[in-house]
Ligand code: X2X
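Only one chain is shown below, in structure tokens, and it's the form predicted alone.
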Amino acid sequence: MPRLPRRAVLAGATALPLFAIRTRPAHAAEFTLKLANNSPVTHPQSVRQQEAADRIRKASGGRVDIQLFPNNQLGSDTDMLSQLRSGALDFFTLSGLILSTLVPAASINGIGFAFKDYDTVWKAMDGKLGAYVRGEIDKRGLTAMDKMWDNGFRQITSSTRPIKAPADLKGFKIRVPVSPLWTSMFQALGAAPVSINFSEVYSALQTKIAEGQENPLSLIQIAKLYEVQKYCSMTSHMWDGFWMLANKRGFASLPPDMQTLIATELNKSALQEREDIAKLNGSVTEDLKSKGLEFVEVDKPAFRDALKQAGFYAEWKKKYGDEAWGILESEVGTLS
């Protein structure tokens, strides 16, 4: 029976039930790790994560086997975040806005109408704002990789009426993820937000628990939400991305060269996934139109003014604090 290095044995003894570290037959993986996400198997996030896992297995000579569990196979976002924190799950890609239930600063990229375009997004999230958030994540026992994965600018869909201006949202039952920022923003706009995990969105729209929802175009297409929605309002009201998270203690227990390899390949796939989403955004509109979704242009400045008048920006400036808000405004301009 092959012997593990003393460091690995000690790590396994002190970190269980974290990363699976045990003796295996010859040619079997030394480290078997679980990576989960909430995206369909055909989504660029899932595709690129599987490619990263394959490259890591090959480059490590088979020592590291990362097993991918896409499409909420291991539970809801909140379930998987709990699994990640306990060590039952090793890696998990999660929206910063949902992560904010644990790391409040993680939702700052989702401030309504803050980012005007992708250049602004990546300058901030690959720069000072992203570094600040990663530091806050680290304080909560998790490790975030350097590069975020793109989930896209979010648009509002509806089965009952087109949303063109803030007044159209009055009393509108809209599904939002389980995150205080989403609830706060749509309440400020006069809507009636309902927090529902993504795995339940289609059925909630189908049964009219919610009249509408908001997601990037690529996800509206892949999850076939056009089957239960009629209108798509091009609000681009917030940008959302996924942090690639690892259990901090478990990740640190891996040999340093394996940590570097894993981080390098996951970050590489994140950049590739960004390009995939950009290409999808260029073609998905026409595809959704052909499937019957009616696109609606909106008055974006009116929405931003409504948020300001409702005190939304001032409220969240207080919640994030002067340091975080100052970094955000240095990237996107004055909001409050």
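Quick note: we count residues from 1 along the sequence shown, nothing fancier. Remember, predicted model here, so these are calculated numbers, not experimental data.
Beyond what is shown, the protein has a form predicted together with this ligand; the following relates to that form.
Based on heavy atom distances of 4.5 Å or less, which listed stretch (79-87, 146-154, 103-111, 256-264) is in contact with this ligand in the predicted complex?
Partner-contacting stretch among the options: 146-154.
In the predicted complex, do 177, 219 and 242 all reach within 4.5 Å of this ligand through at least one heavy atom apiece?
All of them do, each having a heavy atom within 4.5 Å of the partner.
Taking this ligand as it sits in the predicted complex, is residue 133 in contact with it (heavy atom to heavy atom, 4.5 Å or less)?
Answer no; every heavy atom of residue 133 is more than 4.5 Å from this ligand in the predicted complex.
In the predicted complex, is there a heavy atom of this ligand that lies within 4.5 Å of any heavy atom of residue 235, even though the partner is absent here?
No - in the predicted complex, heavy atoms of residue 235 and this ligand never come within 4.5 Å of each other.
Contact between residue 198 and this ligand in the predicted complex at 4.5 Å, heavy atoms?
Yes - in the predicted complex, heavy atoms of residue 198 and this ligand come within 4.5 Å of each other.
This ligand contact at residue 229 in the predicted complex, heavy atom, 4.5 Å
Although this ligand is absent here, residue 229 would stay clear of it in the predicted complex, with no heavy atoms inside 4.5 Å.
Among the candidates 246, 185, 163, 98, the residue which, in the predicted complex, approaches this ligand to within 4.5 Å (heavy atoms)
By the 4.5 Å criterion, the partner-contacting residue is 98.
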